[in-house]
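Below, in structure tokens: the form predicted on its own, a single chain.
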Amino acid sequence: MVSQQPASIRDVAERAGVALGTVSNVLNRPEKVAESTRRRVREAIDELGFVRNDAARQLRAGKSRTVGLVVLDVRNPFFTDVGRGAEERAATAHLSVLLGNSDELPEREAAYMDLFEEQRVQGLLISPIGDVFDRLARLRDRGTPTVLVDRPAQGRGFSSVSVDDVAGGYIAVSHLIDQGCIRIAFVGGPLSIVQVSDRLDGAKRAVSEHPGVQLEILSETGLTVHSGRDVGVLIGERAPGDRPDGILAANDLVAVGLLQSFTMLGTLAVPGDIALVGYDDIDFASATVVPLTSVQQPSRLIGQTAMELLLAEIAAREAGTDFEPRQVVFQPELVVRESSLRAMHSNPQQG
């Protein structure tokens, strides 16, 4: 049996009794066509089951109706919310968002940048792993504007949307110190991820202001629940006097893993033995077995703002006007929950 050929735009025009250009206008510029004519064309489209060949249209136009988004780890709800914000704003410009997950691997990050350029995306949003500014500059020079997400542009000629992670690390560890913690651990890495190293810098600054407070760095690990569990087991095997009494996790997933380990061990209480603070304030943070104190980032707003900056640059390019890159930096907030409130619990280690 020979399969039926898909309906063409010419078939739609013949069925509706209009010119080819009228069908094109209905599909791309409907405001230019009278309502009665639009109705006839849409009825013809429905009757014929017409689906326009968007790939061919994009080939003729030299660009797509899509924007690329590359994130560090799609499993992290923080990046899910960033993506939602970006998608919401893109939809208002009739654009779609293509998602790439680098999984914190430079080679995958590079492959997605190549793929999105080949797909002729109108622009790129990226939360990069390391120093990719030269690669991004080549993309921009070949016509693909880029905005950095959750990472400052550091004066490199790109727009960026980020959070002051140094301030976030500082307020988190200052809170732990206020709760009486004197042996504090920073858990999560690698430090090649700028956001992680900035959070550690903030933690160091807070500790430097309080003589007698120690900071241990456990950064040779990942940013997942599993890596948090592994570190939690190692901490649980230490003698009581060698354990930290406060922990800042580099993100909430690590904090959840630590909390799971301590709970499964059954010998370490949070916050009585170890006060715990996460980072990102994902939705799940308030629903853990011990509600998690966390540094809150406006994840959805980050995505919306990044897309807004990208759309502004795209519009400037199309108009042939100059575009001045912008750097938007949001301030983090500490959301205090039970996991860090040692004053509410007895603490046998302190004294």
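From 1 onward, residues are counted along the sequence shown. These figures come from a predicted structure and were not determined experimentally.
Keep in mind that the form predicted in complex with alpha-D-ribofuranose is not shown, yet the notes after this line are about it.
K.L.:
Does every residue of S159, T305 and F330 put a non-hydrogen atom within 4.5 angstroms of alpha-D-ribofuranose in the predicted bound form?
P.N.:
No, because S159, T305 and F330 lack any heavy atom that approaches alpha-D-ribofuranose to within 4.5 Å in the predicted bound form.
K.L.:
Let me know the one among L95, V132, L268, I193 whose heavy atoms come within 4.5 Å of alpha-D-ribofuranose in the predicted bound form, would you?
P.N.:
Checking each option against alpha-D-ribofuranose in the predicted bound form, the one that comes within 4.5 Å is I193.
K.L.:
Answer with one of F78, F186, F262, F116: the residue that has a non-hydrogen atom within 4.5 Å of alpha-D-ribofuranose in the predicted bound form.
P.N.:
So the residue touching alpha-D-ribofuranose in the predicted bound form, by this definition, is F78.
K.L.:
So, in the predicted bound form, is L223 in contact with alpha-D-ribofuranose at a 4.5 angstroms heavy atom limit?
P.N.:
Yes, L223 is a contact residue.
K.L.:
With heavy atoms only and a cut-off of 4.5 Å, decide whether Q297 touches alpha-D-ribofuranose in the predicted bound form.
P.N.:
The answer is yes: Q297 has a heavy atom within 4.5 Å of alpha-D-ribofuranose.
K.L.:
Using a 4.5 Å heavy atom cut-off, state whether Q122 contacts alpha-D-ribofuranose in the predicted bound form.
P.N.:
Close contact is absent here: in the predicted bound form, Q122 is far from alpha-D-ribofuranose, nothing within 4.5 Å, heavy atoms only.
K.L.:
Find out whether any non-hydrogen atom of L72 is located within 4.5 angstroms of alpha-D-ribofuranose in the predicted bound form, and reply yes or no.
P.N.:
Judged by the heavy-atom cut-off of 4.5 Å, L72 is in contact with alpha-D-ribofuranose in the predicted bound form.
K.L.:
Among 175-183, 86-94, 233-241, 194-202, which stretch sits within 4.5 Å of alpha-D-ribofuranose in the predicted bound form, heavy atoms only?
P.N.:
Going by heavy atoms within 4.5 Å, the stretch is 194-202.
K.L.:
May I ask you to list the residues of 149-188 that have any heavy atom within 4.5 angstroms of alpha-D-ribofuranose in the predicted bound form, in sequence order?
P.N.:
If the 4.5 Å heavy-atom criterion is applied to alpha-D-ribofuranose in the predicted bound form, 149-188 yields only D150.
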